[in-house]
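Before any questions on binding or motion, here is one chain by itself as structure tokens, the form predicted alone.
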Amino acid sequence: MLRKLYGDMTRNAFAYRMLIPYVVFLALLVLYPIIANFVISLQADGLWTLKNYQQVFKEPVFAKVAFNTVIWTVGSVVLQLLVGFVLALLLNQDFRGRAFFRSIILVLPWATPDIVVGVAWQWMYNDMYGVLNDILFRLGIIDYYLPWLADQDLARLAVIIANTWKGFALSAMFYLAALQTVPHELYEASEVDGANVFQKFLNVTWPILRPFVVTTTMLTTIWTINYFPLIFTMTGGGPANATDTFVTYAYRTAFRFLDFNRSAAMSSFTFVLVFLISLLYLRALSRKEAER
């Protein structure tokens, strides 16, 4: 047994040595900041204490920030998945110029810098000169120009729509890649059996897409919770904290109010939340693998 173990370690020694730079790099850029942030969050008045966490949870604005984070995450994830799914189905069809439209629709939003997207949507939402109000007014949908970024409910909706445009391409690319793996013979066989469009989707397409949907949902949820530039550029968390999420509030607490310890506590709380979501996903994934 020991000889076999020693033989395996000897054969894999080269692979272990190749992994050392990656492990060191990961520890310096990921592990160290996480530990340092947690240490800072436990310091207050020169003492080791949970005071910063208590202040975070006792703040009147915390409930509103938590509500905003849930609305922001759920709204953005659902819309990104739906829009990406529909576009993937359309772009998977055989039509002339398919490669061109795939490049424009999928690459352009994802490749555009976050700050550029935020500024562009901020101007489109402008209550006096924005193109969105002008279009809606000309179509007779609204009777007056809406203050998109000045009203709390409209501001929440506005940042979710902008984030949907920015992030749907990732979901669409995942779905499109999955659709490319579906053998065309399965569709031909289902047509021979008399299956309609809905039945072909339910029995052929969906079983292959389902694992990609789960993975895309998890990744999109994590990235949306941690997404910072778009909200900060468009609204700065306003009006009246209406679009503040955990990450934007932690940033303003640190760099506007210079309370780095309390900001570290909020960041650590967000990290634990995202980590738990990842664990739930991995557990569900491992169960599905065991069932197979």
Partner chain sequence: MRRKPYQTVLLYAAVIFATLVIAFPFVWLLITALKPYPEIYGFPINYIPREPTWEHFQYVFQLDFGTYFKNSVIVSGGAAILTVLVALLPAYATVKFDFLAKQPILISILICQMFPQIVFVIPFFMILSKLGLIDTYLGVIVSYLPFTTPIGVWLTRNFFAEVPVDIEEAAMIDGCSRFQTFRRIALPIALPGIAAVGIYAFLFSWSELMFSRSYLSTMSLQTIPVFLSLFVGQYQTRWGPLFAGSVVASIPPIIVFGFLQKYFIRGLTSGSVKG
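Being a predicted model, the structure only gives us computed values, none of them experimental. Residue numbers count along the first chain shown, from 1.
As for the form predicted together with its partner chain, it is not shown, yet the points below apply to it.
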Check: Among D94, D153, D143, D193, which has any heavy atom within 4.5 Å of its partner chain in the model of the complex?
Finding: D94
Notebook entry, point to check: Which one of M173, V204, L79, L209 is close to its partner chain in the model of the complex, taking close to mean a heavy atom within 4.5 Å?
Noted result: M173
Check: Using heavy atoms and a 4.5 Å limit, would one call F62 a contact residue for its partner chain in the model of the complex?
Finding: no
Notebook entry, point to check: Any of the heavy atoms of A240 lying within 4.5 Å of its partner chain in the model of the complex?
Noted result: no
Margin query: Even though the partner isn't displayed, in the model of the complex is L139 close enough to its partner chain, meaning a heavy atom within 4.5 Å?
Written below: no
Next item on the list: Examine T217 and determine whether its closest non-hydrogen atom to its partner chain in the model of the complex is within 4.5 angstroms.
Entry: no
Next item on the list: Any residue of 211-227 with a heavy atom within 4.5 Å of its partner chain in the model of the complex counts; write them all down in order.
Entry: F212, I222, W223, N226
